[in-house]
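Here you get one chain, nothing else, as C-alpha cells; it is the form predicted alone.
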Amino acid sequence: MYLVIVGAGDIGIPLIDIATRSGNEVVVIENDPERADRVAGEYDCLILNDDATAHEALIDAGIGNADALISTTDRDPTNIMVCLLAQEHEVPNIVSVVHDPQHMNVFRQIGVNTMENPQELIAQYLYRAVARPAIVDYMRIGEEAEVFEIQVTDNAPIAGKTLIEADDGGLLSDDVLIVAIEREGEDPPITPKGRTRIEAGDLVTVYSAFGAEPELTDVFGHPEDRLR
C-alpha cells in the first residue's frame, strides 16, 4: 500500500515501524524537525518536515496516490482538518486517533474510521494484565463480549477432554466458543472441531459473550483470577 502517516510521536513511530517492515510505501508528515530527523535516520520512508494541515504538504506527500491516510497527532482539531483534506482527494481509507471522547461524534459525522483515546486503551490493558494475570491477550467486542487467549494448566477441568465432552459436562456454555488452539509442535494453530481434545499446555483463543469471568477462567485451570 501507499500510506501517508501524519505525526511521528508515541503512536506514529510504532505505526511507521510496522508499516515499513510490512513492505508498504510510506510517507510521513511531521512538523517537529527533531522528530522528522529521527524518523529519517531510522526508517525506510519519505519524511516531510511540514504542517499536514497545509494543502501543499499533502500534495507533496502524494496524497492523490495514497491508499490510506492515518492521522496520529496528539491534537484532535489537527486530525480532523487532515482527514477533511484527505477526503477532498478521495483517499479510500482514512483513519484517525481520537483523544477526547467528546470529539468522537465529529469524526463519525465526517465519515472517518477512528481509534478512541489510545492512552486509555493502554491503561486498561495494563490494568487488566495485573488484575487478570491468566489472560494472555484480549479484545473487547461490544459492551460485554471478549475474545481472549489463555493457557490450559495441568489441573484444568477441561484438560484431556474433547469439546463435545466439555459441552456435555457443562464446562462450556452456549455463549462460549474455543476458536483456535496453539499447541507446541503444531503449525499452524489448530481450528477446533467437536472431537478436538484440549491438552494441558495449549494456548487457546476463546470467544465469550459475557467476557472472561472467573467462572470461565477456572475451566482452564486459573483459580488465581478469582482471588483478585
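One rule holds for the numbers: they count along the sequence shown, beginning at 1. If you superpose the two forms and keep the largest set of C-alpha atoms that fall within 1.5 Å, you have the rigid core. Predicted model, so just to flag it, every value in this text is computed and none were measured.
In what follows, reference is made to the form predicted together with a further copy of the same chain, a form of this protein that is not presented.
Among heavy atoms of residue 189, some come within 4.5 Å of a further copy of the same chain in the predicted complex.
Contact between residue 102 and a further copy of the same chain in the predicted complex is found at the 4.5 Å heavy atom cutoff.
Although the partner is absent here, residue 49 is not a contact residue: none of its heavy atoms lies within 4.5 angstroms of a further copy of the same chain in the predicted complex. At the 4.5 Å threshold, heavy atoms of residue 216 stay clear of a further copy of the same chain in the predicted complex, well away from it.
After superposing the rigid core, the Cα of residue 47 is displaced by less than 2 Å between this form and the one not shown. Superposition of the core reveals a Cα shift of less than 2 Å for residue 100 between this form and the one not shown.
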